[in-house]
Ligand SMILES: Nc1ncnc2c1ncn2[C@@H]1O[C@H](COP(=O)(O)OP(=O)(O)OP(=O)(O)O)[C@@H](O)[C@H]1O
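Single chain ahead, by itself, as structure tokens, in the form predicted on its own.
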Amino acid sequence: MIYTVTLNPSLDYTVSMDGFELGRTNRTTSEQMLPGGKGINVSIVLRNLGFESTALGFTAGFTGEQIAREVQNMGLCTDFIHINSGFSRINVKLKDYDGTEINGMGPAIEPNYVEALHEKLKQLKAGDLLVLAGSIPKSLPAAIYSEILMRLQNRGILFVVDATKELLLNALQYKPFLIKPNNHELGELFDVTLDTREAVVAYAKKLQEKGAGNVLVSLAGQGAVLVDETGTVHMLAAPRGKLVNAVGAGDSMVAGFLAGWLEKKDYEHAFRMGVAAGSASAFSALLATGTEIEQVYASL
């Protein structure tokens, strides 16, 4: 079974406008509200590829209730912990201004709720996959991911960590099966600039020395690199297509990789599935469907 954890899920309010001016009333020409969060995105794309998962995490207030409804309406299995105070965040994304968004904070999560999550995770067994993805509320310590992995170590569970900075570094000692930084995040860890596929290889191997198994690095328009747990290096240029929406592309890559690995236990196939899924989502207004991913895969 696959479990995804999103500690700070959101409602993503994506809007288009004819123009945007500070200090003026700006009116939308289109709008869309969807559940967001990296782990949730992974679950959605896994479902689109025919793999079931259970989405875990924290929700709060009326926004949390809506997140849970929307995710369930998509056909996902969920087991969220609902917090009795505060509300889950709303992220405002300006569609016509690439990369411009206003992200909410999320609720304060008290220790008893964290312990409730640990209790839920006790159900995992050998062979299960656990995906820890995304940012965390300010009320949680940077060691939260490593605390989760510490409690589950030596039980035959495969860990996937898609995070940055200390969240990622603290988790490496528990030997995650897969991590997926992009080239900027990888460079930030070592205070270097990495802008080619060849340049990331040495630094991906440094993360393996710290405990990572498979290191999957996305480079946007420059493609992607996988250094698998055997030390084999896989590279692909970015597939050709029109960028429509980069939101969720990295999460889609994680889902595609996992689906490919579960299908054949072959890292080259898993890598190609990851690149296909990430690119297909980038070429689509929404997270990619299985058919869209298959079409991109066939072009690689």
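Everything numeric in this text was worked out from a predicted model, so none of it was measured. In case it trips you up, residue 1 is the first one in the sequence shown, and so on.
Quick note: we don't show the form predicted in complex with the ligand, though the next part is all about it.
Annotation: in the predicted complex, residues Asn8, Gly61 and Pro107 none come within 4.5 Å of the ligand through any heavy atom. Though the ligand is absent from this view, in the predicted complex it lies within 4.5 Å of a heavy atom of just one residue from Gly57, Gly248, Gly260, Pro35, which is Gly248. The ligand in the predicted complex comes within 4.5 Å of a heavy atom belonging to Ala282. The closest heavy atom approach of Leu169 to the ligand in the predicted complex falls outside 4.5 Å. The closest non-hydrogen atom of Ile144 lies beyond 4.5 Å of the ligand in the predicted complex.
At least one heavy atom of Leu219 is located within 4.5 Å of the ligand in the predicted complex. Note on the interface: of 27 to 35, 233 to 241, 48 to 56, 262 to 270, the segment with non-hydrogen atoms within 4.5 angstroms of the ligand in the predicted complex is 233 to 241.
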